[in-house]
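Encoded as structure tokens, the following chain is the form predicted on its own, with no partner shown.
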């Protein structure tokens, strides 16, 4: 594993000691997951090691810093946004450290662990119709904001360029240094799309010939919490479909099986979207191996399993 890199100065100079721990996460080689794929290396960036427990710490921090820089976020305003969980937890953690109030719209069927973490950080939660998923939370959040915009700072993670720029400025450079520039393929599933868009834009600028492949749930109704089926969802304003060299469709059950496999073969307790990312990375690796090609495939382990341990998919029978 490569030596970790320093957190970029533009964040370090604006954060407390806790928040300076965001980023600089390890890149882990998944040796057993790729053992049957000759010439293929698969790596996962351990974003669950961020202080808020997920990749969303990066964009949440950048959006808050941008709000402070522009004067839109002040102590007399409440941070308001919609979330499926991880960005909300990141907001709540950062705002607790900085002294801001937080109000979040969250689908009612979010895992119990996520709800408790948000409550522990002191966030106010507005529960939305679970059948409407993250789109329902977005719509409710917009209604709340439009009813009284003067009391809220609404970063809008789905439309805010500071989301994808956090990955352009931090995630991608870390990956390049940690892999010594050897990346041939980057794979990431789409939620807000910030991780995929920002990381891919930087990788394509820095590494000749790199291929960036998105992944999505195969249908609008799915169990991949935090991910979007773009054909049937409210498409994030920051999403740029042209960036992807290819797109893979994910089945919920495949992601569940991979989560269990990562725990038992690699010793990694990760969340559902991370499982989906590894399913997609393996699929890319399988295609390369069939053609007798080599590849260094990198993806993101978005969060840890602590937010999902009450879910039934851990049962081997599922």
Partner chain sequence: MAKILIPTPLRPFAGGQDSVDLPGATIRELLEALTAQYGDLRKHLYNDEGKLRSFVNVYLNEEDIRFLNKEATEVKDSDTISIVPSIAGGRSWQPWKHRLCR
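Residue numbers count along the first chain shown, from 1. Nothing here was measured: the structure is a model prediction, and the numbers come from that model.
The same protein has a further form, the form predicted in complex with the partner chain, not shown here; the description that follows concerns it.
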**Item:** Site check 58, 70 and 165: each within 4.5 Å of the partner chain in the predicted bound form by heavy atom
**Value:** no
**Request:** Name the stretch, out of 32-40, 62-70, 249-257, 277-285, where some heavy atom lies within 4.5 Å of the partner chain in the predicted bound form.
**Result:** 249-257
**Message:** Against the partner chain in the predicted bound form, would residue 113 count as a contact residue? Criterion: heavy atoms within 4.5 Å.
**Reply:** yes
**the partner chain contact at residue 109 in the predicted bound form, heavy atom, 4.5 Å** = yes
**Request:** Would you check, heavy atoms only and a 4.5 Å threshold, whether residue 122 touches the partner chain in the predicted bound form?
**Result:** no
**the partner chain contact at residue 81 in the predicted bound form, heavy atom, 4.5 Å** = no
**Prompt:** Within 4.5 Å of the partner chain in the predicted bound form, heavy atoms considered, which of 151, 234, 97, 219?
**Reply:** 219
**Message:** For the stretch 123-152, I need every residue with any heavy atom inside 4.5 Å of the partner chain in the predicted bound form, listed N to C.
**Reply:** 127, 130, 131, 132
